[in-house]
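For reference, the chain that follows is the form predicted on its own, supplied as structure tokens.
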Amino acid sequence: MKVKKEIIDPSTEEKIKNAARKVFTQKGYAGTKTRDIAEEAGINLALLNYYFRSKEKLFDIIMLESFQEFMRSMISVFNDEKTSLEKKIESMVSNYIDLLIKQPDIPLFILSELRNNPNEIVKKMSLDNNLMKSFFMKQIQQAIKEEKISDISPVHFFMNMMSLTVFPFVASPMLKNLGDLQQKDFDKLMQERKKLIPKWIKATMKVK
């Protein structure tokens, strides 16, 4: 009887997802067991399985929601007509690094989704409307027209920003090993990249 009351409780699903975010962040996907999430949420394992059939499904939902939340926060940056092109680049890089420090599994999740179902993940992330048709892209086109920056494809810009920002997180196990870095050392390097990446991106966009 107690289980039935919990099942119809509209807050139970959110409670499970909040617990999953915390445990996935602490232990990573591989180190997390569904029992760990159930204990963190204060529910039994059967109830967790009722809402989410597997750890993989729950992880996918958490990662996608986290990235969609990030994209929603970035829309205001993309379409702020009072913010310069340079400031937008700085904000995007800084916000993205902050997200990945909190959710380091997102890059691998996105890469996996892109490999398995590229059209669906791009659609869910609304990249076409939120980035490619944003005021930010109009600023790039205007800067090119005024010869303030080189004639760079928006796709090149996006690739540059993503690779410079995301690769260190994807390769973090190797980088930590090569540099004998602890997590706090790696996080410090990522904080430094908040200032370095915009400089590198701007350098590639200068008119030669």
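Small disclaimer: the values here were computed from a predicted structure and weren't measured. Numbering starts at 1 and runs along the sequence shown.
Just so it is clear, the following notes concern the form predicted together with the DNA, a form of the same protein that is not shown.
For the chain shown alone, Q182 is not a contact residue for the DNA in the model of the complex, no non-hydrogen atom being within 4.5 angstroms. Taking non-hydrogen atoms only, M159 never approaches the DNA to within 4.5 angstroms in the model of the complex. When contacts are judged by a 4.5 Å heavy atom cut-off, I149 does not count as touching the DNA in the model of the complex.
By the criterion of a heavy atom within 4.5 Å, A46 is counted among the residues contacting the DNA in the model of the complex. Of the residues given (K27, R35, K176, K145), R35 alone sits with a heavy atom within 4.5 Å of the DNA in the model of the complex.
Screening F70, Y51, F169, F59 for any heavy atom within 4.5 Å of the DNA in the model of the complex leaves a single hit, Y51. Shown alone, this chain has one stretch from 61-69, 35-43, 136-144, 150-158 that lies within 4.5 Å of the DNA in the model of the complex by heavy atoms: 35-43.
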